[in-house]
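Just one chain is shown here, as structure tokens, and it is the form predicted alone.
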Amino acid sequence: MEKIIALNHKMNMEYEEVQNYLKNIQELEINPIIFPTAIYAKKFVDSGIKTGLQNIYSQNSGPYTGEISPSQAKSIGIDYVLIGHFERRKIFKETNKDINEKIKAAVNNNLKVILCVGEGKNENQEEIIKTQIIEGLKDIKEEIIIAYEPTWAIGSNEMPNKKELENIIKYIKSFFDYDIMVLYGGSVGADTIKTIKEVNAVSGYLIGGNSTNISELKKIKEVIS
């Protein structure tokens, strides 16, 4: 099965940079799912790129200034949504209950969900991930995708070793009665991709910091091709 390459742009790039990026990423031919800043999402959709949002709200309409609803996302051709990213949990104080409500709203609008889970440096890895999965997916029967991102690895150039990664992916898969796809995220770059690639259970990569760096993406492509 072809590996998923998910690119989370976060709050990066201005309009002219996006124009150049669109040309370069298509020439790179890696067939990614791109999660751009929301105001640029329609440009990616119109370019024929699989496009997701980095976040949605749990309601389809209403007096929620600044939010984007799942039905609005679907109406412009969005296919995917990233939910529960560490930065949403930490900076915007999203709880597992908030995340659960967003996932329900997303699947009710036929959006494909990538749920992010992961533990901090000194946290109980299995307990944290178990709680995030059970509470985040309460009453949800639809198949989703998991992105495992140990929070201590994000932006640190550190990551679990091959054995650690194999073990935690096996643990994540144990909660599901289908062969769930599990991506790895957290300092994914040309220097770390070799280790990740060696873990057969990894279904793909969630790339954050390097997602807007075309030269780094070229190097990553060379390793995983």
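Note that the structure is predicted; figures quoted are calculated from it, not measured. The first residue of the sequence shown is number 1, and the count goes up from there.
The following text describes the form predicted together with 1,3-dihydroxyacetonephosphate (13P), which does not appear among the structures shown.
The listed set Glu123, Asp79, Glu87, Asp98 contains one residue whose heavy atoms approach 1,3-dihydroxyacetonephosphate (13P) in the predicted complex to within 4.5 Å, identified as Glu87.
With the partner omitted here, the residue from Ile145, Leu111, Ile133, Ala153 that has a non-hydrogen atom within 4.5 angstroms of 1,3-dihydroxyacetonephosphate (13P) in the predicted complex is Ala153. Among residues of the shown chain, Pro70 is not one whose heavy atoms approach 1,3-dihydroxyacetonephosphate (13P) to within 4.5 Å in the predicted complex. Although the partner is absent here, Pro36 lies well away from 1,3-dihydroxyacetonephosphate (13P) in the predicted complex, with no heavy atom inside 4.5 Å. Contact annotation for Gly204: none of its heavy atoms lies within 4.5 Å of 1,3-dihydroxyacetonephosphate (13P) in the predicted complex. In the predicted complex, 1,3-dihydroxyacetonephosphate (13P) sits within 4.5 Å of a heavy atom belonging to Ser187. Residues placing heavy atoms within 4.5 Å of 1,3-dihydroxyacetonephosphate (13P) in the predicted complex fall in a single listed stretch, namely 187-195, out of 45-53, 187-195, 168-176, 60-68.
Residues of 118-152 that come within 4.5 Å of 1,3-dihydroxyacetonephosphate (13P) in the predicted complex, judged by any heavy atom, reduce to Glu149 alone.
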